[in-house]
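Okay, so we've got a single protein chain in two different forms coming up as structure tokens, structure 1 first and structure 2 after it.
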Structure 1
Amino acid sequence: MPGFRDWFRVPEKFKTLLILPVQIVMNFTAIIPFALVWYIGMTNWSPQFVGGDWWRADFIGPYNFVLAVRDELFLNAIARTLLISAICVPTEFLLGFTLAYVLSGNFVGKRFFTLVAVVPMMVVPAAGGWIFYLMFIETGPVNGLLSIISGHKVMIPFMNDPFWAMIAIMLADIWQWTPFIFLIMTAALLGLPPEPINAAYVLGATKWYTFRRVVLPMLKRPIMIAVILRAIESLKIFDYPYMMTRGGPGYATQTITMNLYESGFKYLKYGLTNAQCLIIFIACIIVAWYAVKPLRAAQRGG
């Protein structure tokens, strides 16, 4: 059958064949769900309705979108997630970059310390959340350390306090993802050409001046990529609040994902949640579109 064989012989047809599976995949995971999220967002469907298939739900127009932007929990969750990002990403960047810079020279045990510094990133995030829960319980090592320092018996229930629970979640995020910045910046520092740096030293520049005026400009692109990727990932934060506080106490540590999970799968408000998902979806597409640009430049350039 010559027609069949052509698929493997003619380059144009072979290309179509190669792309085919991924297109089926895209239809399954992106196009159909995207259509579905629009549709359900416009209905008041909920799995609680006995015998109510979703394709027979009541159409209520954009009412859910009005409800969505007036939903205080949802808005608070967005603000809280942005706050977590705004605190965690710069902290991770400063720590990771400093660490990469300090460990970039040659010294005894460099390989070992580099390996150890990367370990937290390899921990399954759910397990990471559980680890930090253990660290911050009343009888955990954080309280143990405070007891030793202060000389009194300290038993602070960190997870029951809205402020400290947030701090604990941020610490878990920082612990786990500082290595991410560290890895990228280590790779970037390794790839730097040594000549300009040596030239600066020869010309009598100090270490700090060389760093600021020679090294930093050359690292602009990796820094941007590291921060952007980390910032986007940190908006998805879910595993730590889920494992550590379940969004509590009250709603004090509910992030966007946690909020959507609860209103969708605990309170079964499908219409509203889908409308909120769509809002997040569109907001993230806009953000991601701009975020992809420096990546694109780097991939084209190097």
Structure 2
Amino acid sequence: MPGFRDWFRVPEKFKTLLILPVQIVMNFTAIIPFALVWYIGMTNWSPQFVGGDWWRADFIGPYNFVLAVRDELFLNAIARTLLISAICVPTEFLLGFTLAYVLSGNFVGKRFFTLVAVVPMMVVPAAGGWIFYLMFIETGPVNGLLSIISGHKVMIPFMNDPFWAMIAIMLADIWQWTPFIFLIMTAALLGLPPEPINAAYVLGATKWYTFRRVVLPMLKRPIMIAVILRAIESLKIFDYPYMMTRGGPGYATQTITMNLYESGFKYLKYGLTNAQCLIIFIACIIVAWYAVKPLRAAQRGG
């Protein structure tokens, strides 16, 4: 059986043979839940109506998907989450990158400031949400500080105002996840080869010119990785709006994950929630495919 023996003799085929069992297990364990989610998304399953048995639920085809794209709360939650991501991710990147660049130099107290910079990321998000909630309530430190600055008592209801509630949530997200960008960019800056940078200085280039023409091009891949990872992660925001506003006032700060949580666990719309999850899942795959294109192009370019 020369064909069978080739799998052990040819290195490329032998590598495939080694990873085959893992691939079979991983695909098997991934396909079954995905198929189940897809099927339930095609039913009207809700435990309060059909006795809790999903296989007894009526098959209604793509009707849940039609309901999902007509659901204003769901669509608004998507738009709100994208808005948070569009504002927070660039802000976190600019702050994290600036912090990494400043702390990459040598000065007294560098270790202390580096430790302080990464502490927010170590805080449990739910605890961070509670801390920011206490800070922004009417009798909290933020209003207290504004009272000291203005000279009269300030009682802004941050958590009851849609605009300020959203600002508070964004500030909490920026506070916690700027260290993530800081760590990635610090590692990237410390890994840069010194020769091109020193050569630029020897040739008379200024610091700004060297940074713009030498340092930034070498950081292209780490920057793309940091932004893509943070952008994907930002779509999962749940702890801060849940702990600080419960999605309110009304639904003004409800995000995608909060909308799915309420639809599934609070209102028990299992079929509709599965359809909404699939829509988000497919949309994320499409966006991720195009998002990593520049990274793949950079890898091909060496």
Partner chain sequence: MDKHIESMIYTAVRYIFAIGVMFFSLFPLYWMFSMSLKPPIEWTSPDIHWWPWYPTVSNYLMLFFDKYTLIEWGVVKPWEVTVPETAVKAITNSLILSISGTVLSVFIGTLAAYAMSRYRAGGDYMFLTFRMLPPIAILMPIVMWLSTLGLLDTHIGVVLLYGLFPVPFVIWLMRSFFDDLPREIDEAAIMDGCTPAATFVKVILPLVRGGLAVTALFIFILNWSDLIVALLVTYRRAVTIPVQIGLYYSDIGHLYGIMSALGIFAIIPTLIFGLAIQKYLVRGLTFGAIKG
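The term rigid core refers to the most C-alpha atoms you can superpose between the two forms while keeping them within 1.5 Å. Computed from a predicted structure; not experimentally measured. Structure 1's sequence is the ruler for residue numbers, which start at 1.
The form predicted together with its partner chain corresponds to structure 1, not structure 2. With the core superposed, residue 30 shows a C-alpha displacement of at least 2 Å between the two structures. With the core held fixed between the two structures, residue 279 has its Cα displaced by under 2 Å. Core-superposed comparison between the two structures: residue 10 shows a Cα shift of 16.0 Å.
For residue 288, the CA shift between the two structures after superposing the rigid core equals 3.6 Å.
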